[in-house]
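In the form predicted on its own, a lone chain appears below as structure tokens.
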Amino acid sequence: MKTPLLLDVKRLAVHDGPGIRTTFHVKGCPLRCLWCHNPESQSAERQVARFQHLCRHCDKCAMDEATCPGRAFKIYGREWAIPQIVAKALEDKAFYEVSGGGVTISGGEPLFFPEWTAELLRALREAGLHTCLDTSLFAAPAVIEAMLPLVDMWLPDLKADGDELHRRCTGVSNAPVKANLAHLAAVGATMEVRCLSVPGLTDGADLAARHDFLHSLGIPDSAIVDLAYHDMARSKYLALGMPDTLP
């Protein structure tokens, strides 16, 4: 079983599914979206970022996140065992019960690690927690089928309608994404589909085409969320030594 590193833990999240939630972000993704606002989530390996605008240029630099006086260093990717994740999630169980919330597994791409994600979701369900899966749906049909009894709500992305545009913007075809969306709709899975609008790339006609496709599957407007592009993560590319794909 391939085990991912954990990238981040967001407590008291309110945009990652219903109610108040704890969101666990895994590190590693098969897509390379031009607009990716979490470039640190792409590689499955541990990374150290240096934010130059925060660096104080100390005489003796330890390159250590814990001791850096300017907080210029950030470590991306830490090992967490599944029981440790469940225990962290249970710390906020009272908030979930009051708000109808729970736990969301996000990325990166959780389905890049299907066996591990299934094991984690199973453990969360056994702990009595509501589960959401935030995913690109770029996965084999068998992976989706295995997740169905473990996921209470799906939060898939539909990044572009045209396959050529999707390949150009993400590096992969959207054929499996659309097929998996169609399957989820056919079996009546609870979903909230996110459609990012990137000016000059996936806005206008492509956004409208995505809505039309989702409507053709019987997905109502109430289950479709349009998201606006933001460029707040551009400094991360520089800090990680990665080329900025959408400056």
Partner chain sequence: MSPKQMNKTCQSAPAHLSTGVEIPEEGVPVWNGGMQYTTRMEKRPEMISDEATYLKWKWRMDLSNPATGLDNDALIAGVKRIVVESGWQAGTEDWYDVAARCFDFLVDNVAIGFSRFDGFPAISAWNRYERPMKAILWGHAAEVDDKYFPGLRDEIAKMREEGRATIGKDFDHSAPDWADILKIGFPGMKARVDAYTQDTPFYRAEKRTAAAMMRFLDRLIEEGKRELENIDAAIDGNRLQSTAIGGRVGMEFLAKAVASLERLRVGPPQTVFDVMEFTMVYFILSEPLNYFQVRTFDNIDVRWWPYYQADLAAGRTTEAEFREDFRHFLWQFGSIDNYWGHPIYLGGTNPDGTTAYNPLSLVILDVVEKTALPTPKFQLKMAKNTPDEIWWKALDMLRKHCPLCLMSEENMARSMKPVGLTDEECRDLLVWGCFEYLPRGKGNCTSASRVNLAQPIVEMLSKAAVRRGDDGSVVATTFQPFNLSTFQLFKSEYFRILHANADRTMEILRKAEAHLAEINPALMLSLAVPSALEKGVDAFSLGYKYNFTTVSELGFATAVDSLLAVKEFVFDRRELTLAELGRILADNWEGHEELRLRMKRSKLKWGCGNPEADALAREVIEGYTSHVVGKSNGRGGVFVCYGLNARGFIEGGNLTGATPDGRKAGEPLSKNMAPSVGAETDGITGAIRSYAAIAPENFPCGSIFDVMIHPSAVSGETGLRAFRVLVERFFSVGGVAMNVNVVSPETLRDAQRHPEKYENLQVRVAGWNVRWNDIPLREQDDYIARIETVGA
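Note that the structure is a prediction, hence the values are computed from the model and not measured. Positions refer to the first chain, counted from 1.
Just so you know, the form predicted together with its partner chain exists too; it's not on screen, but the next bit is about it.
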| property | result |
| --- | --- |
| Interface membership of Leu12, its partner chain in the predicted bound form, 4.5 Å heavy atom rule | yes |
| Residue contact check: Lys88 to its partner chain in the predicted bound form, 4.5 Å heavy atom | yes |
| Exercise: Ala239 in contact with its partner chain in the predicted bound form, heavy atom 4.5 Å | no |
| is_contact(Cys68, its partner chain) in the predicted bound form, heavy atom dist at most 4.5 Å | yes |
| Region of this chain that lies against its partner chain in the predicted bound form, out of 118 to 126, 92 to 100, 131 to 139, 158 to 166 [heavy atom, 4.5 Å] | 92 to 100 |
